[in-house]
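We begin with a single chain expressed as structure tokens, specifically the form predicted alone.
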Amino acid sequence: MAITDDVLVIGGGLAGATAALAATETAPDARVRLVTAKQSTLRHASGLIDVLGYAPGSEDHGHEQGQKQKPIVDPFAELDTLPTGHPYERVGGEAVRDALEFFDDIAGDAYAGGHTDKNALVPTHGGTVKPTARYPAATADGLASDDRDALLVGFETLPDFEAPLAAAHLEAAGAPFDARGVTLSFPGIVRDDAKVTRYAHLLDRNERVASEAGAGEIGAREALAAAVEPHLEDEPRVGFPAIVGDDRPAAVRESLADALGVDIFEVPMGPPSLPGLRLEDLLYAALENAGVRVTSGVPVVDYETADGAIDHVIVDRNGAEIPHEAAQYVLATGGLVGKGIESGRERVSEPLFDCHVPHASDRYDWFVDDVFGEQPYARFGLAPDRELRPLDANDDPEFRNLRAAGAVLGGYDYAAEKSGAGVSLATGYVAGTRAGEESE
């Protein structure tokens, strides 16, 4: 017997979680389920919610190694200029605003940036700045538009963040403040293969560690503040890599700020990313509170159709094939990186429903020789209508009850535009809302 729901969302990242939450808000009595085959890619993301950082097709796309193009100040002013087929053009600028408001309600005090339409410039671990619309509260005191001087602190066992180099890059990029960087040993950490969560949990629990002064053991927060204090030169703010607590990050920052007499901020890091993990926790807590049924670790392996619609999908549960049926479906399985889009030597495909993926027939036209050039493959994905229903080669909906959201959509280059999270949020919101409406 099939498991029956009103809305079934396939994919557990930002787009999928947003779609499930939007469907539940639109149709409170609907049975909404999210199924995902693997852990969310959010743990590899920065945790920043970008909308549009650089204009599509512009020279250099603001690439980190040569930002010839200035970042967009007001992303909403640029949305109407986007080419036909861009996900934002499909949903419209008002839907982007609605999606951000929806996210703000979910995130609460955990995120900042909702007070303005303008992008914030958030320093990254490489010493560049990323234009973003929403950012974790932990990064708020580190914005590059802030003219207060900053001390960046890195750790010997965390080579991904070279604080002196990041500080030098910020100054070279024209940041309106003096930045210095120091590299210290992290109290209680002696191995360079310690997980980032180990740093965070040590501070969360304020575990006892050996003091540098040799006066026995003290709390990890006090030990970290004591290690940093001699290096301060009247800077009013100190930036750490994003490891400052996991379960209790606000309390950890407050403790460090009180001990040092400065504002504390985090610099977003590469994967594995604690801000990404915190965002994942926030979204999945919201799913639980909304009553969304979440089934993880189970891939969707097949489907059946009836009268131009998806009748049910087949989920593999430890070798047992279980049918799941719903009135409406949302596909949010990711792009080339997330395996929601696959490429072989002959074709580019969407592996679950075999939806049409527009691409050149000659694979040598999928890329250009300039490594920093505008790569066609970066825009591979499904082409949807304005209801976000994937279209076939004749521009007809593949299935009348299927919508797609997030990186599985084509027509945009999220890495160049700095638009990945924003597209996932906006399209997930629209796809989930429409699915909820149609399920009633």
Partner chain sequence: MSEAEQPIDDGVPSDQSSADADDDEFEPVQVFPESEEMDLRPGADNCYKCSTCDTNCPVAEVDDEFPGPKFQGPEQWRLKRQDDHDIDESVMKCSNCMRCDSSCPSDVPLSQMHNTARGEYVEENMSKFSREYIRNRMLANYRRLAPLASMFPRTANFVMGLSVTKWLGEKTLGVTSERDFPEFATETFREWWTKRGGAHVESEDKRIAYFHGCYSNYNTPEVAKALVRVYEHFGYEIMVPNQSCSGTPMFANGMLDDARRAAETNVRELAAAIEDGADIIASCSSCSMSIRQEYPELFDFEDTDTVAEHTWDAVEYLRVHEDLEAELEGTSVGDEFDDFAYHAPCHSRNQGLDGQTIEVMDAIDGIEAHDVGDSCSGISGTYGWKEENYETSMKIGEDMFEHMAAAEAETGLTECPTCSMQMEHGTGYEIRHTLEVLEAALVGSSAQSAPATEPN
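Residue numbers count along the first chain shown, from 1. Please read all numbers here as calculations on a predicted model, not as lab measurements.
What comes next is about the form predicted together with the partner chain, which does not appear here.
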Just to confirm, residue 92 within 4.5 Å of the partner chain in the model of the complex by heavy atoms? no
In the model of the complex, residue 271 touching the partner chain (heavy atom, 4.5 Å): yes
Mark residue 347 yes when one of its heavy atoms lies within 4.5 Å of a heavy atom of the partner chain in the model of the complex, and no otherwise. no
Distance check, residue 196 to the partner chain in the model of the complex, heavy atom within 4.5 Å: yes
Contacting member of 164, 114, 323, 236, with respect to the partner chain in the model of the complex [4.5 Å, heavy atom]: 323
Note which of 231, 148, 118, 205 lies within 4.5 Å of the partner chain in the model of the complex, where distance is taken over heavy atoms; exactly one does. 205
One stretch from 102 to 110, 349 to 357, 73 to 81, 244 to 252 that, in the model of the complex, holds residues within 4.5 Å of the partner chain by heavy atom: 244 to 252
Please state whether all three residues 180, 418 and 433 have a non-hydrogen atom within 4.5 angstroms of the partner chain in the model of the complex. no
Only counting heavy atoms and a 4.5 Å limit, does any residue of 32 to 53 reach the partner chain in the model of the complex, and if so which ones? 33, 38, 39, 41, 43, 44
